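As a starting point, one isolated chain is supplied in structure tokens, in the form predicted alone.
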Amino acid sequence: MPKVHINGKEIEVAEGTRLIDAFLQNQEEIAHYCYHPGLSVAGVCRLCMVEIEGNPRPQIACNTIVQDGMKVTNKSESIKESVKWVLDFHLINHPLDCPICDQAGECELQEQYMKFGQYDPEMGERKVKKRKVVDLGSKIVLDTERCILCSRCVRFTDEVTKTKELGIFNRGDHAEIGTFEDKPLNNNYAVNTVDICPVGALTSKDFRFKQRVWYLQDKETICPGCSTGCSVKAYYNEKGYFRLKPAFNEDNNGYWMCDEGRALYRHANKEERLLQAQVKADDGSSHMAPGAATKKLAAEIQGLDKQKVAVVVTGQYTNEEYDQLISEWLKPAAIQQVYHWKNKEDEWGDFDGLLLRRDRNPNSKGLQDRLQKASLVNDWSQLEKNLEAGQVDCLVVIGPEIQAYYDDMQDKLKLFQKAKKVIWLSSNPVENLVADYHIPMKTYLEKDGTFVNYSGKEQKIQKMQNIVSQALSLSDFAYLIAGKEIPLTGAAS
């Protein structure tokens, strides 16, 4: 492996490594805008200047391959002066928008200036005025005055989505980003351009003006929108969840995620949640705490013929929850009628070629594996026959968290009504649901656990904060329906 000296430290890097990656991999700060590891090299911002011993001129690190024995620095006074001047040129037309810019707090322009700038500006020219609040489509707003023409967004639509909506138009200081005529930026990965924009030129309509980023915490988790299971970061505070952004995962989603997955923080917030259990009574419907409702249900189920109790499960819960459901209730109670409710069962192999898969569940494989191991695999047609024949006294539906991805939801509701008693578990209300019990469940942002994606890769989710404090995990439900108390330890998290 080539050895290179960076700012006096000798390091080893892989053959073909670019100098800028050698800096970044070894926590050596280096100014840059246009470079992004998920895109081709453009070399247009000219910020990543370095001195290479034996080379008479400064070089850009993003387009220079490491050679064995190189001695490189970006700490010399001449390089520091060069970077300051380049920053000055980038800022010459930049508006003083920081107080009102959504990118404030995570803006690479602010960060680069504080690390490598902090100079007295010497440019006296008037700033060139450009278009502001430009609608690029249904999801993104452009402020052309803030754009520094790094071309990251253009390269993304050219190289990643290959949809080619964006280009740089005009020349000189009139050059600006824009969409081609009649081609708005509406592809299903468009908001990734907001993530990679180093300034506040591209902003998301969904997140725009909702929160300042310094008021938000973030933790890494897994997107539950399909069986790819993209690594993401969820951003939240005491008021709720506000956005999802991709987290780098070299073996799965790389640097990106789809726009559909970004919206999946919303169903975890209080405005869209089922807050208390709804229990059908002779005089209408009553509200109960979820735990109390489940204990009442457990007493009712005790006297039923277990051969006429059926359980429908979706692939949106964790391995740990499935394990507890099987070991604490299904097996001890000898319940054999267990069915896997899949969405688009005949189209599981469908794939958009980038990340999004037709199986819109994060843990179909985890559920399948556990049902097979427990010998609880049943054909869906058998459930339909039993319901039609009136042979289901009680149907427990462990429903989807993301209901919009189940196109057959209303058809299945009609089918399930043929059971004498319907129990529905979900984190959100269900349109047109008629059930004897509707019990609120925790979302994927409120519990720890494991999902298994389409390729069999196990991935962890982690608890962030509870929005509905009394909502149950599936493990909690399993203990209570079996007539047990929820353990005080983390087993039911």
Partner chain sequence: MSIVKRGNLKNSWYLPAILSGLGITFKNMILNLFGKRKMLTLNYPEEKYEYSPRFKGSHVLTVKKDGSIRCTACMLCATNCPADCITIIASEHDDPSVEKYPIAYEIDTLRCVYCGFCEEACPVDAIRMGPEWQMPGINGANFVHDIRQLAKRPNLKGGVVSVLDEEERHKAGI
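Numbering follows the first chain given and starts at 1. As the structure is a computational prediction, the values presented were derived from the model and not from experiment.
The next section is about a form of this same protein that is not shown, the form predicted together with its partner chain.
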Check: With the partner absent here, would K162, F169 and K233 each sit within 4.5 Å of its partner chain in the predicted bound form, counting heavy atoms only?
Finding: no
Item checked: Heavy atom of E328 within 4.5 Å of its partner chain in the predicted bound form -> no
Next item on the list: Flag K270 as yes or no: does it have a non-hydrogen atom within 4.5 angstroms of any non-hydrogen atom of its partner chain in the predicted bound form?
Entry: no
Item checked: Exercise: D195 in contact with its partner chain in the predicted bound form, heavy atom 4.5 Å -> no
Margin query: Taking its partner chain as it sits in the predicted bound form, is Y215 in contact with it (heavy atom to heavy atom, 4.5 Å or less)?
Written below: yes
Check: Which pick from H174, K414, K129, H287 sits with a heavy atom within 4.5 Å of its partner chain in the predicted bound form?
Finding: K129
Notebook entry, point to check: in the predicted bound form, which of the listed residues (D143, D359, D323, D259) lies with a heavy atom within 4.5 Å of its partner chain?
Noted result: D143
Margin query: Quick check for you: of 70-78, 95-103, 306-314, 417-425, which stretch puts a non-hydrogen atom within 4.5 Å of its partner chain in the predicted bound form?
Written below: 95-103
